[in-house]
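Before any questions on how it binds or moves, here is one chain, the form predicted alone, in structure tokens.
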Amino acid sequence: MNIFLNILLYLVLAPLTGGLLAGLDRKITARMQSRIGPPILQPFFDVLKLTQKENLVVRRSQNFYIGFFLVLVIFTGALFFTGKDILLVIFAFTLAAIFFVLAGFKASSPYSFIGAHRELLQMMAYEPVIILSAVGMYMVTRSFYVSDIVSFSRPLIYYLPGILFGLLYILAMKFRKSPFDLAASHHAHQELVKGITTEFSGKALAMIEVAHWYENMLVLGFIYLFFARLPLAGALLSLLAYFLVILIDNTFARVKWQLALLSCWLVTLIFGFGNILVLFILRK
């Protein structure tokens, strides 16, 4: 019964919280740029308006892939927030991203096509550190289950500071923010316009926005795991990480994909793999 209650709470609270964070993002960004900005509830108004628009598509199959993307993101979050195997969570999360990429390829637009290519490059950049985070958590807790990781006796930050730094480094990429808004952008201010989502409109674009809200909450959930023994502090620090990404988004220019890929791999190698190596040596 508790599992079904957790799933129900996740289905309702995750998009609400994700939408509110998106609204705060817009408001804070506007203030940083000396603007008033839209209301905090504007993301919900935008999604509601999109659902009422005509559904125009280049190919019907592109919306089919977006539907699977949304379903898999929700499924992945349900696994995570009910304490299931974190490896299964990561694999399902990656599969959801692949369906998003396939939708971009299906749109047959040069902007969405290049955006889909860059999305694949970003997956190559951030997946290694996500996999290493699961390995590090297993080395500390001797379990891949999120429920066991959350209930571990001490905060994981004591054992995995390097891996946490690696995850924080890729946050801008997962949130599609500068300097890593290569494949898609929440603002039409780059040579790819809206990137992988350029050719989507109506209900499909609304599903993408809602999926991103679920996705953002899942990513923040990963950050929370490092402070799970301190629930209030963990929640506050996860939110702090989100607002740090907003600050970086408004401070740094977008980098080229080559630098994004190389820098993520270097951070993964030095901090992520280095952290794993230190744990291995200490446990011998």
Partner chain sequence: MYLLEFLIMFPLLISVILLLLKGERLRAGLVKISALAISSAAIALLISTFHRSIQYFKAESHLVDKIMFFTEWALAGYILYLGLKFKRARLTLLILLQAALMFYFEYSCGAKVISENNLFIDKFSIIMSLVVGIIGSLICVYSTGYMEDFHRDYHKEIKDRRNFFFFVIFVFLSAMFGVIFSNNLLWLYFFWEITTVCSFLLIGYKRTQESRNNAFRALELNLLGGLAFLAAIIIFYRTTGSIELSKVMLLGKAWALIPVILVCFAGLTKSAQLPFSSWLLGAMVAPTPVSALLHSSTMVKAGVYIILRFAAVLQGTMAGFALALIGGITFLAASFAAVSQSDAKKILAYSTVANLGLIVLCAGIGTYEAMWAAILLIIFHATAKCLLFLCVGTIEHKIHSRNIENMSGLIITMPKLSIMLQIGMAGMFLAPFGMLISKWAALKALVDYNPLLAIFVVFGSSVTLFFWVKWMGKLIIVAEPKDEIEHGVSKSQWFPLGALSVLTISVCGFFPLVSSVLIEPYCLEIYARTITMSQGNIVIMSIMLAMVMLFPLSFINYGKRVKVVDAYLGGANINNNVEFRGSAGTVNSMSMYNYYLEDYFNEKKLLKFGVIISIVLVIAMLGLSLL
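Residue numbers count along the first chain shown, from 1. Keep in mind the model is a prediction, meaning the values are calculated, not measured.
Quick note: we don't show the form predicted together with its partner chain, though the next part is all about it.
When its partner chain is considered in the model of the complex, only one residue from Ile157, Ala172, Ile149, Leu95 comes within 4.5 Å through any heavy atom, namely Leu95. Comment: its partner chain is not present in this chain, but in the model of the complex one of Met207, Ala184, Val101, Leu167 has a heavy atom within 4.5 Å of it, namely Val101. Contact annotation: Ile276 falls within 4.5 Å of its partner chain in the model of the complex, judged by heavy atom distances.
For Leu16, no non-hydrogen atom is located within 4.5 Å of its partner chain in the model of the complex, even though that partner is not displayed. In the model of the complex, its partner chain sits within 4.5 Å of a heavy atom of Leu269. Residue contact with its partner chain in the model of the complex: Ser61 places a heavy atom within 4.5 Å of it.
Here the chain stands by itself, but in the model of the complex one stretch of 172 to 180, 158 to 166, 207 to 215, 80 to 88, 80 to 88, has heavy atoms within 4.5 Å of its partner chain. Shown here without its partner chain, the chain has Phe105, Lys106, Ser108, Ser109, Pro110, Tyr111, Phe113, Ile114, His117, Arg118, Leu120, Leu121 in 104 to 121 lying with a heavy atom within 4.5 Å of that partner in the model of the complex.
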